[in-house]
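Okay, so here's just one chain, in structure tokens, the form predicted on its own.
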Amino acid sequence: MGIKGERDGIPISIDEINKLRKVASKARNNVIKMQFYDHSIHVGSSLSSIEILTALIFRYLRDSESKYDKDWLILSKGHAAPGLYAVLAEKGLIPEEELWKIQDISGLLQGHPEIFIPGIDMSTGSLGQGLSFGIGVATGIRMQGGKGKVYVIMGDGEQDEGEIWEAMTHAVTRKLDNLISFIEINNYQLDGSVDDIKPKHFLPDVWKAVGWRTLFCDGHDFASLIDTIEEAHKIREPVVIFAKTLRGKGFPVIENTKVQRASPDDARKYLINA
């Protein structure tokens, strides 16, 4: 599917937004379908990230033979791997039939991203490690005079990990203006709502206080997402984008709940009417 990446200041067209929506809709349905083949996948967390992944993969990520000039995508919330796989399949980097073999011994796709899978830049799973890795890559690119950018996607529940708090100050010290981080604010983590487990309303103030430029967007609205990413590209400091999302977005039986997946019957009813 040919969606032209643009960085010339021209606002995104309605036609391009509609193409991105079509990609996201197909990926969303395929994530819901994947639970027929593996009942353990994290559907809710994957659906939360679909539009962010689609915008980055289809509009921004540049490939290059040089690891210093390519853009890097790090899904730190690795349990959302099915969402990443579904978008990579739409991009043509993963055969769609591999989606139906997720975590099968005969298949390519694991429960969390692995670097032997096309389109995967970092193996992730244990929460909190993506930002540290991204800082290392962004620093290496700067030291080699490369043009690559690094995008890191984290969850709000993931912010409980201490490694993130160590890394966030280091990025500022290094003045990494080629690093853009996303924190999804969907208000749920593994065991329940973040408000009940460890409230996160202070996060933007903390990130801003240590030197990051903080931006905000609707993580399911492509116009909001792209406007915010374009703004981030113009800032000469590390940028963190707080993206408001819904866990289970678009799948009514689990949307905006802590539930990660539905029954096969509920999934079948959804897909029949999709």
Partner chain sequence: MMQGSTLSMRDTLAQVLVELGEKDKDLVVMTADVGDSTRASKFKEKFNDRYFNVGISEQDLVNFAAGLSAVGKKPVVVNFAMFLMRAWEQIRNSISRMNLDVKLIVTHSGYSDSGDGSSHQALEDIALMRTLPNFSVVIPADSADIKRGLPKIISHKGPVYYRVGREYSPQITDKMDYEFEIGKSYVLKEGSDLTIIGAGVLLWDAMKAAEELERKGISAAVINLSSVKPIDEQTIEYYARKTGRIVTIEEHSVYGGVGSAVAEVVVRKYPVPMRFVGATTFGRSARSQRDLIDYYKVNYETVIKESLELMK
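Positions refer to the first chain, counted from 1. Because the structure is predicted, anything quoted here is derived from the model rather than measured.
The form predicted in complex with its partner chain exists for this protein as well; it is not shown, and the discussion that follows is about that form.
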**Prompt:** Using a 4.5 Å heavy atom cut-off, which stretch among 81-89, 100-108, 129-137, 186-194 contacts its partner chain in the predicted bound form?
**Reply:** 129-137
**Message:** Suppose contact means a heavy atom within 4.5 Å; in the predicted bound form, does that hold for all of 68, 123 and 166 with its partner chain?
**Reply:** yes
**Prompt:** According to a 4.5 angstroms non-hydrogen atom cut-off, is residue 114 in contact with its partner chain in the predicted bound form?
**Reply:** yes
**Asked** Is there a heavy atom of residue 143 lying 4.5 Å or less from a heavy atom of its partner chain in the predicted bound form?
**Response** yes
**Request:** Evaluate residue 200 for contact with its partner chain in the predicted bound form, applying a 4.5 angstroms cut-off between non-hydrogen atoms, and reply yes or no.
**Result:** no
